[in-house]
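Look below for two forms of one protein chain, each set out as structure tokens: first structure 1, then structure 2.
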Structure 1
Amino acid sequence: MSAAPLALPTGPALRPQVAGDDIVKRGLMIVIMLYLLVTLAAPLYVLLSKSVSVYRFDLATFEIQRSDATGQNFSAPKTVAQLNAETGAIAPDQLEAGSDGRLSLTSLFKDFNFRSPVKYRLRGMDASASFLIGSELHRGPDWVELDSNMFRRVALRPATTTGLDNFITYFSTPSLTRAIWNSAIIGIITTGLVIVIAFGLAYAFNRSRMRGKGFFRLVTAIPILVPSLLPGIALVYLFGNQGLLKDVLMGHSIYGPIGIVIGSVFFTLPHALMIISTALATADARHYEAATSLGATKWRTFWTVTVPGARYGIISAAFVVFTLVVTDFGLPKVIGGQYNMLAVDIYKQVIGQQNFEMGAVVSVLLLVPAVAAFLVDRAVQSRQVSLLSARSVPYAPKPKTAFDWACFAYCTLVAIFILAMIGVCQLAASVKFWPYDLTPTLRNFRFDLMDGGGWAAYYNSITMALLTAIFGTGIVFVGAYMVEKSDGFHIGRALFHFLAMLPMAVPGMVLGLGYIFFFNNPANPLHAIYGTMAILVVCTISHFYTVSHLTALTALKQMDREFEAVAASLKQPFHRLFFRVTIPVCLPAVLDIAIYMFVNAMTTVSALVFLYSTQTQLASVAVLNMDDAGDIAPAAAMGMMIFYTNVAARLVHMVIARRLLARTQAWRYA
């Protein structure tokens, strides 16, 4: 019947006529993709190139003439390289320099004496060769004549080239490489502890019928609402030399690994708990019935059913925690003492020593574990999906008195730990001069008298968090919609997805440093946003893009794939569908993204510590700076302000969610 030709006729494939809608969609996607390229890929690229940018003294670019003892009759000019070849005075390793390297030339002349009447002439061979006389900068090919005393004060300046020297320097400096091990060890210990503690909590939440589950869930979520610096401050008050519980440490100092581990456990616990709890919540009751019917003991059931069922959750949580610990900067900064961590090293190199190149090197190193953890996590997550089947029967725990009370006791312990950390900060913030004068006072809340930006920093933080929540949610949701619900343009969508996943693997410090390099370059047309609120908002959105993007994507994936086709067939523009159906249906996710962005914008320090300016100081950075200046009580007070603000934001979120959901989600409860 069918006289169909057997081969595709030659000729170009058809190209669709593009509807106005498609242009708008594609345009939006390109705009958001460009946004991600500029705010993410470009700064990272500049950062990487900075790490291989090297300062080195180029001796061949300087020329010297020397007079005889009368101060007359100058010798023929020789380059410094030639002179050094003759004398070998400057060893090759002295030629490597930092950006502020200085090289004295007197060693080239064995008989040099600053009292001698011998004169010298010095010049650079090209316009970029520069040297200092005293602290005056000279540059270029004009001869400068100097007497011996002045020549003593000459110092060459290095030139920029490209190479791996920074990495070589890094790895040959034990004080720097030590931080790698320190970070790894702290990361591993903390991860182990957190996984065990979080598993216990998750188990109690999902497998017991204990009382107070709601309360415990609330309390265990608290650490997310405070900057990671706050547990550090709390630990000082609890276990410091004047600490309430100092003796518990039996003479060990809280400043150092012990403090970092305890603080890290505090601030990573909610993250691990969420992941493991989800894994346990999705357990299939049928497996337990099977185990029981086979006569397995409880202990055996635990190890053969419970743990393997949650193993992907556990692995995933472990990597998330490890990355958080290794890349966190605030906590080790406050409590770390002399115990160097990679993230703190970036800060020390950049802020303490203005050594941007070495900061970039440490950033690249910090990128390695973060990217590795990210890749493993992705691999694990993609496997986990297949575990869940539609036929699973949710597991409903039966009341077991002894077990339930044990769970209750365990959760109470953890809750006390969390509440004590928060409580002690509030306490210290409310007294006059800990521990010598415990009169209640609000003095510590008079931030305007301290370094760090005062109350303006607090209001800046709120503005910044609101802007981040509003614009971030908009950008993320529209971006996710375009990726998920538009047709064609496969390469673009794949690239977009990659860019959206990238921030997960980029530590905040690294992002912030990349921003300095990229935006603080006068040649960059976007330089104008440097030092403004805009760059803080942009950076924070990028920093927290991935989780928001995945949340939006999950919500959008639950929407019928054919809505767009139906709307098109009904001749409705996509934006009408978007605003009438997509947004209302996804509103819970949209609100979740907004509160996630807000809370994180309030608490984040790592990226922004490089980017804030005097007009845009932030509360979380103020906590850091006040603590840094030794004003610990006001730092605790500001930390508590952040906490209360986030609690208030959560409450507002709840109220708005209730109201809006009642309006837009009536169908769910119908």
Structure 2
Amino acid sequence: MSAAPLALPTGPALRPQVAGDDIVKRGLMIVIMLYLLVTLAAPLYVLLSKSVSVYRFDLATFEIQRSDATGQNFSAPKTVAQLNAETGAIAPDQLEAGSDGRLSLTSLFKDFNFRSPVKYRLRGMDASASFLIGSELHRGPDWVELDSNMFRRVALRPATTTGLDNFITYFSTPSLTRAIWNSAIIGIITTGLVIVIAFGLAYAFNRSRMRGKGFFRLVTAIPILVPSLLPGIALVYLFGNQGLLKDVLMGHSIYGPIGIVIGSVFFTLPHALMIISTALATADARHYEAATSLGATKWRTFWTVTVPGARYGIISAAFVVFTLVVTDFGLPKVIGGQYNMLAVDIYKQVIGQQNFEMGAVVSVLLLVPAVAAFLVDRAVQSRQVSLLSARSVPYAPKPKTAFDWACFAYCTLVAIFILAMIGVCQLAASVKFWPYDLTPTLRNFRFDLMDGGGWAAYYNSITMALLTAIFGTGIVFVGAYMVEKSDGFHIGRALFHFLAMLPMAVPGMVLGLGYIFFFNNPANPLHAIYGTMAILVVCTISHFYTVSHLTALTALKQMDREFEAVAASLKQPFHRLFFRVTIPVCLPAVLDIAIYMFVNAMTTVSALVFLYSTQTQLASVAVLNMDDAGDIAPAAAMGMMIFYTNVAARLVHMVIARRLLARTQAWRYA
């Protein structure tokens, strides 16, 4: 008889113990996650809530009593709705309101006279009914007695409900919905042109032996260093009413779709070029050798090998360009004329008409293409497969005189286009009166004599860009490190990664408007930072968080997790490993994040156009304000100052990077 198997005694389930370092890492991750929730998710939530908030005067929730001529005997109470039914003083369309709507009651009484001894009593019939007496807010069922002089200062406040009325109003207004089609058309046309031009450049850079590749790479990166308003100003000087080349357009105006498309090609080209060039750089020479051995023509090889190999990069670049064009504010504002675009519509609704609810509706519509492009791009990248393996043979182009010179000529044409745009702005900023008096002068740089904030705006931009680079780099890299190098806590890490990726799908105009609704609320404890430099820095960091986060993650993934295991076995705290090993190893990525933050902080307009105050005006916004005031040459001068600053920052970055990397990266070249 066999013995029964021994069973271990039952006891509590074993749980892995969380190390002290992991507790600290999770704590830091939660802190940065809360930062992203407050500076990104919360403003977007408030914005979405605002778009479905409907404000309407509910006359049935207010009651009024009126005295006789002696001011002693009061009539029976009547609701405002009953009084209006008797007099018809308030039309139905007057009941629709915005969040700051106000409705006077004096029209209900045809014989009203503010000098009359007649008195009035007013109350709300529930806690939500509110009214103003001057600037003092009253609500609730208690009667408030007023003389005639005070009664004329009474204004009812609208009640708030939730619904899709704002969207119905938007889509029933043809002048507003036209902006959707305009934005889509401009986005499609520009995307097609940019992808073709960028593919030609990328093909020349990676598949030819032409001379001057380094020079052309530098030139094609120039548009990144200037605000998107600058190409609009350049086009005005070239093709505007007094432009040198206005006859080239054969009677067509540069103010409208033509100008928007040309300017959009200028400022989106570097973004598409970087993506497509990366895709074409990873090619396996064996595929081309196989095509040649099978007798395929060069044209067939191009369509069956080259294009399919770069298709994911092309698709990704197309969605990036389309999103940038549709969500851009600066260029269509400068040169769009009467051709409405979605981003400009937000500005008109909020700044021009103070219609914040309709601005929120347009912002939600602007989120749709941005979110769709982001999701499609994520799906495309998830399906991408490696084109290079351990057995791959890197493709090396062979010298072909005719082809190389053709590539050189093509790149030269593109470079002339870019340099001409920058050169025209520089020329316009440096002459007295374009194009009649080209005498050199510096008076256009006397910003203190013009609208836009003067030189203080320029210095504010530098301050804001430096603060963004310093604090943004720290927050981004620490957050990425906690996500990548923490053990367990899968839900928290997934949520953090989602929040870090969210800014990629949020246009700057949408984020800026969300900040107005969220931070410009006296009940918000963070209301104190509204109108200060702090909110500009916070908004800019949040706006450009995603690319910086991905850059940091890419660098951290290259470090083996054995570093943490070895440090733990030696009982070294993680912060010592972080400062002595991780940062020195990842220093190239850290410096890249810093310069990325700085350059974008100097050039951004859309995210900050709603948030600056008289003390925190910025150079990029000053370009917009000076252009609105008709000071186009000074606007070009300020735009060029932004360009000079970014070029100088790039040079400083290059010098610092060389010196620091020589000390910290010697092991890479040993």
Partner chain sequence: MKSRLATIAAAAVATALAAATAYAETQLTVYTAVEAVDLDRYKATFEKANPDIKINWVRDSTGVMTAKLLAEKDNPQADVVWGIAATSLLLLKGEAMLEPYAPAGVEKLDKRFVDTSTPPSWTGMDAYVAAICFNTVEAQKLGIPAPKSWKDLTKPEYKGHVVMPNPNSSGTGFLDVSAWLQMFGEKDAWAFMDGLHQNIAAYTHSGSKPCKMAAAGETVIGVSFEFPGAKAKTAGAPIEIIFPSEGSGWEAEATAIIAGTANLDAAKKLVDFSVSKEANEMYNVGYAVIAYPGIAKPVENLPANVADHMIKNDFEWAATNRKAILTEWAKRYDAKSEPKT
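Counting starts at 1 with the first residue of structure 1 and goes up one by one along its sequence. If you superpose the two forms and keep the largest set of C-alpha atoms that fall within 1.5 Å, you have the rigid core. Remember, predicted model here, so these are calculated numbers, not experimental data.
Engineer: Of these two forms of the chain, identify the one that is the form predicted alone.
Structural biologist: If we ask which form is the one predicted alone, the answer is structure 2.
Engineer: With both forms fit on the core, is the shift of the CA atom of residue 270 between the two structures 2 Å or larger?
Structural biologist: Residue 270: C-alpha displaced by less than 2 Å between the two structures.
Engineer: Superposed on the rigid core, does the Cα of residue 66 end up 2 angstroms or more away between the two structures?
Structural biologist: Where the cores coincide, residue 66 still shows a C-alpha shift between the two structures that is 2 Å or more.
Engineer: For the rigid-body motion of this chain between the two structures, what is the smaller part's rotation angle in degrees?
Structural biologist: Domain rotation angle between the two structures: 32 degrees.
Engineer: With the two forms matched on the core, what distance in Å separates the two CA positions of residue 111 between the two structures?
Structural biologist: Once the two forms are fitted on their core, the shift reads 13.8 Å.
Engineer: By how many angstrom is the Cα of residue 97 displaced between the two structures when the rigid core is overlaid?
Structural biologist: Residue 97 is displaced by 3.4 Å at its C-alpha.
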